[in-house]
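Just the one chain here, the form predicted on its own, laid out as structure tokens.
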Amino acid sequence: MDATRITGASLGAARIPSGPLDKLAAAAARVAGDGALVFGPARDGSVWGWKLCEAADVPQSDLWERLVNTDVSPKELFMPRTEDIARWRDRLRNLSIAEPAAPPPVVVLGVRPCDAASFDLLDEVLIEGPFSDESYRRRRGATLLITWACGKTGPACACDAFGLAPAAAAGDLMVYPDGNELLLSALTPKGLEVLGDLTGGSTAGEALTGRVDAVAAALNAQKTAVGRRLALDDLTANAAGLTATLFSSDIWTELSPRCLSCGTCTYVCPTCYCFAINDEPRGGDGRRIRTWDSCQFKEFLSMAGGHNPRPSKVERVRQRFMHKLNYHPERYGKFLCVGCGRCIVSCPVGLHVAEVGEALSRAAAAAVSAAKGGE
């Protein structure tokens, strides 16, 4: 487990009373920029997701005591389910093309550490990778992220199996619940600006900084039930030479028949980033749009002429889990999973990252043991 991903480096600390968060939201909005929008957890029917908060309906701090995590990932704030790439007009006579306007500044109030860490993973691929995603980059650059440490873990949580913890430091500003108070720790210059706006520029003393560290350590000591089951040591980037073995493992033919190819795992996952591009012409006008897609759909890689390199569920299920648990770690040194548990809760047949991770760990351990026995 990488301790730097859990503790982070605080640039300053402050404390505020538990209860209304309108002042914190307003300070963050001022720092984020003119016209900043504040998004917080909200329930739509029985589903918890993210909605725009006006000053009068900013959630109070007790919400995070009752809510383990949202059902819907905040990923859609950076990568909308459907978004315009461009619009065109009068294609047949005097073609004009308009790109989308720049996104407004956004404050995301109260993401859990696992979700905040998911943005770091996406950043490596979509911003720092060889092909920068301009839409994602602009949205991320205009965002101020307030992360809320977990006071309790849920039955599907597995952050500790993926190098994180319930209070892993991520985002611009961390919030730690501490009795009747909230301890705030700035992790970036943006976060430090929020503290300055909120407190009038006063700085924290060593006693408060020490209290923040103690509360964070206590929260990080929590162990998740799913995390205890997962032994992923043999699947880390250091386990060189296992890709071919895991790729050809019999577990894929054993597990894949259960998959319904519904794509639910993709849509609730905070680290999936596959998309499709479509044109929607309307006479001489129209638009090009990007929408979420899933590697679990049969048509995902269908090509002109009818060729499909992943024709069956075996190949598609293997692709999803090998990408998260083997291909991505080999390239970036981290699993493409933060243990949020959404796939565990949502998969109608229970074919989720915990079960597959256990199966792959057994296959990897067997391969390592066989290799040592043949030496």
Partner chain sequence: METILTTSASGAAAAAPAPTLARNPLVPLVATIEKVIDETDSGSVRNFLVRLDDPAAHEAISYRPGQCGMISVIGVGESMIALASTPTHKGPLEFAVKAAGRNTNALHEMKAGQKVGVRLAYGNGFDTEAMKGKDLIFVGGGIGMSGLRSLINYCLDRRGDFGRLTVVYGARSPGELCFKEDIFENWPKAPGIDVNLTVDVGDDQWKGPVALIPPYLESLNPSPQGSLVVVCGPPVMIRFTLLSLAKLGFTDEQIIMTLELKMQCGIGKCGRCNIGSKYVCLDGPVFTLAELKRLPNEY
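Only the largest set of C-alpha atoms that superpose within 1.5 Å between the two forms is called the rigid core. Predicted, not measured: the structure shown is a model, and the values here were computed from it. Positions refer to the first chain, counted from 1.
Missing here is the form predicted together with the partner chain; even so, the following discussion is about that form.
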Within 4.5 Å of the partner chain in the model of the complex, all of R140, R290 and R331 (non-hydrogen atom): yes
With the partner removed from view, which of 81-89, 155-163, 253-261, 216-224 is the stretch that lies within 4.5 Å of the partner chain in the model of the complex, judged by heavy atom distances? 81-89
Go through E315, D44, D62, D57 and name the one with a heavy atom inside 4.5 Å of the partner chain in the model of the complex. E315
Can any non-hydrogen atom of Q319 be found within 4.5 angstroms of the partner chain in the model of the complex? yes
I'd like to know whether P177 contacts the partner chain in the model of the complex, with contact meaning heavy atoms within 4.5 angstroms. no
Is it the case that A231, even though its partner is missing from this view, gets within 4.5 Å of the partner chain in the model of the complex, heavy atoms only? no
Contact label in the model of the complex: H307 to the partner chain, heavy atom within 4.5 Å: yes
Looking at the partner chain in the model of the complex, which residues in 255-284 have at least one heavy atom within 4.5 Å of it? Y273, C274, F275, A276, I277, D279, P281
Taking the rigid core as reference, does G141 move its C-alpha 2 Å or further between this form and the one not shown? no
Post core alignment: P130 C-alpha displaced by 2 Å or more between this form and the one not shown: yes
